[in-house]
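What follows is one chain in structure tokens, specifically the form predicted on its own.
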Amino acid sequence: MDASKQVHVPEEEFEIPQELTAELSQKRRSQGRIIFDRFVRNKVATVGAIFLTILVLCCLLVPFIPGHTTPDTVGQTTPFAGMSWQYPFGGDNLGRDTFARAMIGGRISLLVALTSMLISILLGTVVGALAGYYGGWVDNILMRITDTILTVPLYLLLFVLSATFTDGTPTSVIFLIAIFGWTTSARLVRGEFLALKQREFVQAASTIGARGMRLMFYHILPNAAGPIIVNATLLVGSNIILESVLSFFGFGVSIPVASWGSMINQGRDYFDSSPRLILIPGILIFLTVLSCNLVGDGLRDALDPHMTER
């Protein structure tokens, strides 16, 4: 074709479309930023995260708030005092500051829930990784142990063991919950390892000499981190309920240490005259567990590799 007959297209027609420019700009974001943007777009999960942040800050800072530094002082206010600016939740039957006690109780409940969750996730990850990676008799032994624990009624078992082996301190309750809370995590991690160990990147790492623990914890485990993180957030909520039930029936954190469960137990005798002594810790338990579940749902969508950008 003669060069003189070639059609000369104006340079303006070669401009990159705006849609393509936005897509390329979006691809330049880091993986962490993409996950964060996905999570923030979930408004309900964002509200849950904000509530948890405010609650944790209140629980940590309440000893430094003037007028609320002595939550266990009897007679700090009048018994069954109403709500006021100084005492937002009023006083209990002994004249103690209910707001300060609720925040201190929240600190204990969150401490038990978070610490027992970390121990459970650690145990469950190790057991699930060994079972899923090695398979065979290792898988059979570990999973049969897991199934045996799952078949035992959890609350009944915890009631019996707490009455026998715990001393009512948060540390003993943490280990008691963690010992029986790793089973779900183990089954989840096992399933992820079974699905991932046959993937091409694992076979490639094995070809170049990676073996055993390096394959498990350096190549496979990071790719299974998403479901583990989601399960951890959900486990916090279930541990809060578990600790509250134990404390309510007198098998958890013992009085005078405040926790939301023990506060409900103490306030049930005064439900007719002052129902807020039960409603306040009950509502805090409900909102905290609901927020943990909402954050877990948001993280599940944000960490999903098949999630499309919308």
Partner chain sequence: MGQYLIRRLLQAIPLLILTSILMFLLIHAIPGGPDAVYDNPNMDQAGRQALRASFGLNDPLPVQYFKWVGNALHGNFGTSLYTSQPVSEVLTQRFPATLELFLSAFVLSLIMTVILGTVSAAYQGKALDYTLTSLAYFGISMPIFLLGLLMQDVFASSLNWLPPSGTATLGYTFSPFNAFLDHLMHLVMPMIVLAVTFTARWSRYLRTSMIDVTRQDYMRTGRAKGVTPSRLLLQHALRNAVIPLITIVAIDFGSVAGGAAITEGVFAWPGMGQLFIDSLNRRDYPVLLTSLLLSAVFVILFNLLADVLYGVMDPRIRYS
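Positions refer to the first chain, counted from 1. These numbers come from a predicted model, not from an experiment.
Heads up, the form predicted together with its partner chain isn't pictured, but that's what we're talking about next.
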Q) Pick from 35, 241, 55, 49: which residue has any heavy atom within 4.5 angstroms of its partner chain in the predicted bound form? A) 241
Q) Just one of 161, 122, 225, 195 has a heavy atom within 4.5 angstroms of its partner chain in the predicted bound form, so which one? A) 161
**Q.** Touches its partner chain in the predicted bound form: residue 249 (any heavy atom, 4.5 Å)
**A.** yes
Q.
I'd like to know if residue 152 sits close to its partner chain in the predicted bound form, meaning any non-hydrogen atom pair within 4.5 angstroms.
A. yes
Q: Indicate whether residue 294 is a 4.5 Å heavy atom neighbour of its partner chain in the predicted bound form.
A: yes
Q.
Residue-level question: is residue 118 within 4.5 Å of its partner chain in the predicted bound form, judged on heavy atoms?
A. no
Q.
For its partner chain, considered in the predicted bound form: do all three of 157, 272 and 283 come within 4.5 Å of it, counting heavy atoms only?
A. yes
Q: Just one of 144-152, 105-113, 167-175, 123-131 has residues with a heavy atom within 4.5 Å of its partner chain in the predicted bound form, so point it out.
A: 144-152
